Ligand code: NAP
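Listed next as structure tokens is one chain, alone, in the form predicted alone.
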């Protein structure tokens, strides 16, 4: 798609959005229900499309892509009306008793969504649904590695009988997408039309580039970026559950999950026991049954370089699935790899390793474990594994991550009601849940004066000594000691009647 063609899409989207936003929520919800009907009728076809584009195992595609989408549509259809309902803001002080405030919401207009290749169906699906239910138009671009999934999503939303131009699927090179979606400011000329808000999921480096492009327009962004997640295994953890859960969270989707486990921090008293059980599970992973291929050869080669750097710096391979390492140049198949003797400075500790690799690190106690977990520029998700839920919840509140799970990991992205997003280099804003839905709308405050017959507020012109004395009395009433508050009452009452003076 050329820039001029993209501009025409934006124009059509704006026209369609005005019609769409004027519809009652119930009508928008019923249209989106048709997309759900299409999804339910094409589950196997959609699953196969995801597998063809990504190399995912059938179970991974079904459980982590199709099922979460079905649950998300049902959730947002049911909850969207309540999320968008005007809300009264409770008064902050009795002295402003005459002011009534409420929050109302309106759609941004045209929302842009740029989605990645690792979860090409589930990630954009929820964002598209929320944007449309909130009354926006959507312009959607998927990674060039997942074009068949993009076209499948286009067919599904076409089945919703939306106004022409309301949902537009575009295909363009990644280098052109950022400038096209963001556009340029109008001064001194008419500028280049762009979207009104952009949602991007991808690498931290690309997220920074988009922020730079968006700055001249002050375009609002939601960025869901990378992670190098930590899992803390306490001494009182159920070691079998921890090993099994972390193995799945580290190696499902061939480790190509921004919220997958990368750093496993284990209490030193449990370290060898955990490592033995964890490594046994990893050695038992079956290629093509438990562990799928990586999505591209380039991604596999990058992960291999990161692992080799770790090994040169002193790390050791504790276990891997199968005999092969990463040397098979003509296939995207890669083993699951467990590293031990890792330390700060290694890629496994400092970078996002977007592949089936995890490092296991001992820690003397909870404080050391927290220090290791928080010593990262990323803060997407994390987990605590412990039988002591009270202690686990306490530790969870101290981890620098946007999502922390207890005795589980990674799966919270599949909970439509649970906000998703991170701290630091892991992004800005939230997707999913009510906070994610609210990212699709602008908030407006309406303040109404309910006092009848009022001519002026007490602090309006003309100023006078009486006004000054009255405002000073109000200050004493709000912040003074008990005696000052009582003494201020007569002065407040005198200025109060100014409301009705012409």
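For clarity, every value in this text was computed on a predicted model and none was experimentally measured. Positions refer to the first chain, counted from 1.
The same protein has a further form, the form predicted together with the named molecule, not shown here; the description that follows concerns it.
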Query raised in the report: Among 67-75, 388-396, 167-175, 310-318, which stretch has residues whose heavy atoms lie within 4.5 Å of the named molecule in the predicted bound form?
Result: 167-175
Query raised in the report: Taking heavy atoms only, is residue 133 within 4.5 angstroms of the named molecule in the predicted bound form?
Result: no
Report task. May I ask you to state whether residue 203 is within 4.5 Å of the named molecule in the predicted bound form, using heavy atom distances? Result -> yes
Report task. Flag residue 108 as yes or no: does it have a non-hydrogen atom within 4.5 angstroms of any non-hydrogen atom of the named molecule in the predicted bound form? Result -> no
Requested in this report: Evaluate residue 352 for contact with the named molecule in the predicted bound form, applying a 4.5 angstroms cut-off between non-hydrogen atoms, and reply yes or no.
Outcome: yes
Query raised in the report: Looking in the predicted bound form, is the named molecule within 4.5 angstroms of a heavy atom from every one of 230, 278 and 362?
Result: no
Query raised in the report: Quick one: of 129, 142, 153, 139, which gets a non-hydrogen atom within 4.5 angstroms of the named molecule in the predicted bound form?
Result: 142
Requested in this report: Using heavy atoms only and a 4.5 Å cut-off, determine which of 80, 116, 347, 335 is in contact with the named molecule in the predicted bound form.
Outcome: 116
Query raised in the report: Listed by sequence position, which residues of 209-231 have a non-hydrogen atom within 4.5 angstroms of the named molecule in the predicted bound form?
Result: 209, 210, 224, 225, 226, 227
